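Below sits a lone chain in structure tokens, taken as the form predicted alone.
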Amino acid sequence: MTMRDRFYAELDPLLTAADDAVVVLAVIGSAQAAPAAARHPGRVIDVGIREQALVGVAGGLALTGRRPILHSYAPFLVERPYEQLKISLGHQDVGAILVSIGASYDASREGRTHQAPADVALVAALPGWTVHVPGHPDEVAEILHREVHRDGRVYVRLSSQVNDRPRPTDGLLHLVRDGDPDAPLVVAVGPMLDTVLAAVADLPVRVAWTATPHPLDGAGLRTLAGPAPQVVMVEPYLEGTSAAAVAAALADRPARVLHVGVPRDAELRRYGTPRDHAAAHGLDVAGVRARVASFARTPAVERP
């Protein structure tokens, strides 16, 4: 089962578990949500192809004490209604759960309109948001059932790329592969973990993982990185999205940091498969390995 299928399968249980929950759609997902809509009349709303209204309606529902769950492709959920995220949710200081599909280039066959590598950076630029980037369908269910009983602003970014097994979704950074405490620490976000583990299989590095890059577990990063950090952040979206959070976490010590993600300085004007795009962006096993190996060969920062 994909993350997307798991999300649709959880709609009925979510609406059953939380009386105040309401699903708001903009056509995308309406067919898959039909069984939940039939079991919970009036609690699955389709506003049509009106993404700004999607968020505006959610803001109104939240003001009346409801817990809206919004869903669409990432560019239609974040980029197109960004003004509404800022005002209808943020400025009104109300909560909602946004669940996107498409990730950075899962829908590469649909063209640039369906690609959104900057979505996490955009959401993280607004105050009061939590961003979850799960790496497995089971993590999706765990995150949703926890967040539906809260009242914050949450962005859950689903992907067709998955890891082989679920990991903890407690918001913390978890060490997955240990080693020399002075060795570089590679931090994989969400579905990048299996790619990272394959890429660094024979490299002298440690590997950590999180499903919640925003807010980043800064205390956990400081503990794992040590007094002279060498950190590689591998994220499945715009390169450097977590740069400010990493810099803030390591501000009290000399550090070497490399950010690996979708490049910022070039747009890939091609269709192709998600695998093609991952290779072109250097986010496949070979690309990640080349970046991490080069980083690991560079002399470490001398401890003070």
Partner chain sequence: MTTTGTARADVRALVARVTGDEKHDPSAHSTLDVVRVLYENVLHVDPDRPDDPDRDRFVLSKGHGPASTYAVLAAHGFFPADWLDDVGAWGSPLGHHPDRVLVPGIEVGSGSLGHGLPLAVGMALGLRGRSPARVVVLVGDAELDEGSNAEAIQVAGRLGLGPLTCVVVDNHSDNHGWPGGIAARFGVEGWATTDVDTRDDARLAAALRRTLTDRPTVVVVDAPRKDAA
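Residue numbers count along the first chain shown, from 1. The structure displayed is predicted, hence computed values, not measured ones.
A second form of this protein, the form predicted together with its partner chain, is not displayed here; the remarks below concern that form.
Note on the partner interface in the predicted bound form: the residue among Asp202, Asp93, Asp164, Asp178 having a heavy atom within 4.5 angstroms of its partner chain is Asp93. This chain is drawn without its partner chain; in the predicted bound form, the residue among Ala247, Ala266, Leu63, Ala38 with a heavy atom within 4.5 Å of it is Leu63. Under a 4.5 angstroms non-hydrogen atom cutoff, its partner chain in the predicted bound form lacks Pro68 among its neighbouring residues. Within 4.5 Å of any heavy atom of its partner chain in the predicted bound form lies no heavy atom of Gly29. Contact check for Glu51: a non-hydrogen atom falls within 4.5 Å of its partner chain in the predicted bound form.
Heavy atoms of Gly240 never reach within 4.5 Å of its partner chain in the predicted bound form, leaving it off the interface. Contact with its partner chain in the predicted bound form, judged as any non-hydrogen atom within 4.5 angstroms, is confined among 191-199, 149-157, 80-88, 220-228 to 80-88.
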